[in-house]
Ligand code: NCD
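Just one chain is shown here, as structure tokens, and it is the form predicted alone.
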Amino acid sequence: MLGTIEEEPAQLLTSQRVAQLNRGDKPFHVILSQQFSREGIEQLCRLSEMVRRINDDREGSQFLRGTLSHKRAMLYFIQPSTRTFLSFSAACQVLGIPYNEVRNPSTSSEVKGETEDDTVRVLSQYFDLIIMRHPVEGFAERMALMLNGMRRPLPIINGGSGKDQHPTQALLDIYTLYRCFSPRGAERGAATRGSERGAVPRASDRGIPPRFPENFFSGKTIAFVGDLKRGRTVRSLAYLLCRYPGVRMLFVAPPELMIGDDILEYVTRYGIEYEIRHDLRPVIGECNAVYMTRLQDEWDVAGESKSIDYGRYHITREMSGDFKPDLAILHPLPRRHEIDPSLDALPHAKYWEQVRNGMWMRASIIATIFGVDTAITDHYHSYYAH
């Protein structure tokens, strides 16, 4: 099931939103992290492992490229992006989907006065999927609901919506943590020590676990560090982690950039332990994962971030003596100075693998939307599961 978990009455509005974005128990649009149950998250992680394994040889990659070669995608990215754009375009290529792009409204009919709503309506006539990144909070959801009312509804994937949500980033982050914390993750970590920076073992070196252990994140401490108030990736990942009882979250940020009360209320509602901190160094030894974020001063109104001492929200080589052996350092990128580059070659640095994981996760999300996840799973079990 890739639907929602049961919501409490206070969350009826969220349930209604999710119902409009899903088709039965599966996402049609991917807009909110709250669309995904624990079981749905884990299905996507297992499918991602299968996709990367199948793609590891010529015959498998040819099979994958034939699954959705009859579909067309539009990457409507009018907010600057490198990683997310390339990740989605690579995911489309894995599945054989031809795609086009709009990355600058000045090259579209919007310069003639066409509204963004009409632009999306026009795009919906040419393509079978729209993947969008937009600076305005809620834009992707509003467009999804608009297309629901058209004769030819088609799915929208939110590739980043203002300061609000970035669900596919959160799903690839969970997938990265899954690979780090699973028993095979420890073996992979040992295998990559001393190898090329960020190298990931071949998919053929591992099998597909049947499901996450029941207590997968229980006892794990995940620290979110930096600009949490304006970090949509942090918000989205916090929503997903609430599906895992026993996880502990640390929110480490300047008071001016602390995580919003809505997220703290959500975390509390699901009985998740959390703490508010204002310095990373004293708590680094408690962490199993650290999710670093940059100062997002592009959202400043009048340069207010310039007065903030961001140094306490950096992770440095000097801290490495306090790292747990299994510490995973994640970052949605781009980074500035919040991660010491000398940490890049350490086995704790998972942000390079995180980038690659995004391609597989996003391919799995697209495959699931179009219903070819079953064909991929069947192909995997027929040719690769042994």
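Numbering starts at 1 and follows the sequence shown. These numbers were taken from a predicted model, which means no experiment stands behind them.
As for the form predicted together with N-carbamoyl-L-aspartate, it is not shown, yet the points below apply to it.
Enquirer: Which residue, R294, R179, K220, H134, is the contact with N-carbamoyl-L-aspartate in the predicted bound form, using a 4.5 Å heavy atom cutoff?
Expert: Looking at the other structure, the residue within range turns out to be R294.
Enquirer: Counting only non-hydrogen atoms and a 4.5 angstroms cut-off, does R232 reach N-carbamoyl-L-aspartate in the predicted bound form?
Expert: R232: contacts N-carbamoyl-L-aspartate in the predicted bound form.
Enquirer: With the partner left out of view, is P334 within 4.5 angstroms of N-carbamoyl-L-aspartate in the predicted bound form by any non-hydrogen atom?
Expert: Because a heavy atom of P334 falls inside 4.5 Å of N-carbamoyl-L-aspartate in the predicted bound form, the answer is yes.
Enquirer: Can you check whether R83 is within 4.5 Å of N-carbamoyl-L-aspartate in the predicted bound form, heavy atom basis?
Expert: Flag for R83 set to yes.
Enquirer: Although N-carbamoyl-L-aspartate is absent from this view, report whether S236 comes within 4.5 Å of it in the predicted bound form, heavy atoms only.
Expert: Flag for S236 set to no.
Enquirer: Given that the partner is absent here, state which listed stretch (92-100, 163-171, 282-290, 269-277) has heavy atoms within 4.5 Å of N-carbamoyl-L-aspartate in the predicted bound form.
Expert: Looking at the partner contacts, the answer comes out as 163-171.
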